[in-house]
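We begin with a single chain expressed as structure tokens, specifically the form predicted on its own.
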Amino acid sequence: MPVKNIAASVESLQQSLESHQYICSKQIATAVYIANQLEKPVLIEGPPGVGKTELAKTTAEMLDLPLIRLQCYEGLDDAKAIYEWKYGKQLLYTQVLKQALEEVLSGAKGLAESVRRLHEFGDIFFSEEFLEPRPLLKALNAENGCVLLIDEVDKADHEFESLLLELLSDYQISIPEIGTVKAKTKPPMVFLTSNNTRELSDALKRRCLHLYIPFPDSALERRIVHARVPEIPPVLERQLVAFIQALRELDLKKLPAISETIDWARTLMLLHSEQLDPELIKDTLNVILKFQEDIENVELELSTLTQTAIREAERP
């Protein structure tokens, strides 16, 4: 059974996402719908800032499920991603064992029986009582299911991908000292995101549905801005989006993301702006551009870019 009955159709799912202020294409809604129905992880690729992480967060909100997030980085290992042992607690119990050693060995006949008794006592140290679950194991232990976000998986090492394969294919994790841990009731709905900083393995990709999210076209981006900043004047909304779209055509170190478009819209509203002008744009470029080199390059073409944005916004 799917984590939850996410929606009756792709169209209703798209509407549900939009009701939670995630404005998306039908392609995105279709991928989420299929992933839920087939209980498949979905690998979301695309440039930074197009809404990959936000899709997982909105899906969790829409389904009223907890979001468990694993932020990936170079050197990430099973101790931070899956589980580790509570070494402090084990050490404390070791002291208890030392104090109770005579009682444990009392009545033991010979070395073999003494060793057996110690071994039985020692097995307790590697039981679930001493296990500290990390995000992946927490997701399997979630009582009523959850949304698991494995964010920026391309930043982790190739070895970490191998740790994910069992979880992504069978929704289970093998712990040598305990055995196989499977999803308690319902498998988590899994989203993996990648900014394409490196190529992911074929083994990982085979286990996932693939979804690529590009930067939105002007019509979709206007809908996103309107949903997040509904008080923005229509003229300013069209001009702002046209300017952002023009910036993405330039050779910049970092293209403005959707989140930066929204931040810029909110900034312009704070400044009581009704429409764009070169001076206003120059004063607020730091909201949408994160490198001084990009800001300086755009300033050289500011007048032309502004006029182009205004003309584009006037088109029906």
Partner chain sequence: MDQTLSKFIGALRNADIRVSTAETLDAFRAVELVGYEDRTLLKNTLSLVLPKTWDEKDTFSECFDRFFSFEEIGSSDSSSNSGESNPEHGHSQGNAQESEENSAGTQGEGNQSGGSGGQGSAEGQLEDHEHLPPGSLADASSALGQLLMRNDRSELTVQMAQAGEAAEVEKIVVFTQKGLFTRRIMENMGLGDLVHEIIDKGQSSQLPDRRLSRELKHRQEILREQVRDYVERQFLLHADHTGMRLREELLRKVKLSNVEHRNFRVIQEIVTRMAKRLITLHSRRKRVFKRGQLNVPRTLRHNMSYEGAIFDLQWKSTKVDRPRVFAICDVSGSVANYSRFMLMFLYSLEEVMSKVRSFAFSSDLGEVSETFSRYPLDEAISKTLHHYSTGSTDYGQAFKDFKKICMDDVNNRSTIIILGDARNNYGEAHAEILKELYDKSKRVIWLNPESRNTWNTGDAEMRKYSPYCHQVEECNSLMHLERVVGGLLYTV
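Numbering follows the first chain given and starts at 1. Keep in mind the model is a prediction, meaning the values are calculated, not measured.
Here the subject shifts to the form predicted in complex with the partner chain, a form of this protein not shown in this document.
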Exercise. Considering the partner chain in the predicted bound form, find the one stretch among 243-251, 269-277, 28-36, 64-72 with heavy atoms no farther than 4.5 Å from it.
Key: 28-36
Exercise. Could you confirm whether residue 208 comes within 4.5 Å of the partner chain in the predicted bound form, counting heavy atoms only?
Key: yes
Exercise. Classify residue 141 as contacting or not contacting the partner chain in the predicted bound form by the rule of any non-hydrogen atom within 4.5 angstroms, answering yes or no.
Key: no
Quiz item: Using heavy atoms and a 4.5 Å limit, would one call residue 174 a contact residue for the partner chain in the predicted bound form?
Solution: no
Exercise. Give a yes or no for residue 84: in the predicted bound form, does one of its heavy atoms lie within 4.5 Å of a heavy atom belonging to the partner chain?
Key: yes
Quiz item: Looking at the partner chain in the predicted bound form, do all three of 40, 159 and 201 come within 4.5 Å of it through at least one heavy atom?
Solution: yes
Quiz item: Can you pick the one in 132, 170, 154, 77 that has a heavy atom within 4.5 Å of the partner chain in the predicted bound form?
Solution: 77
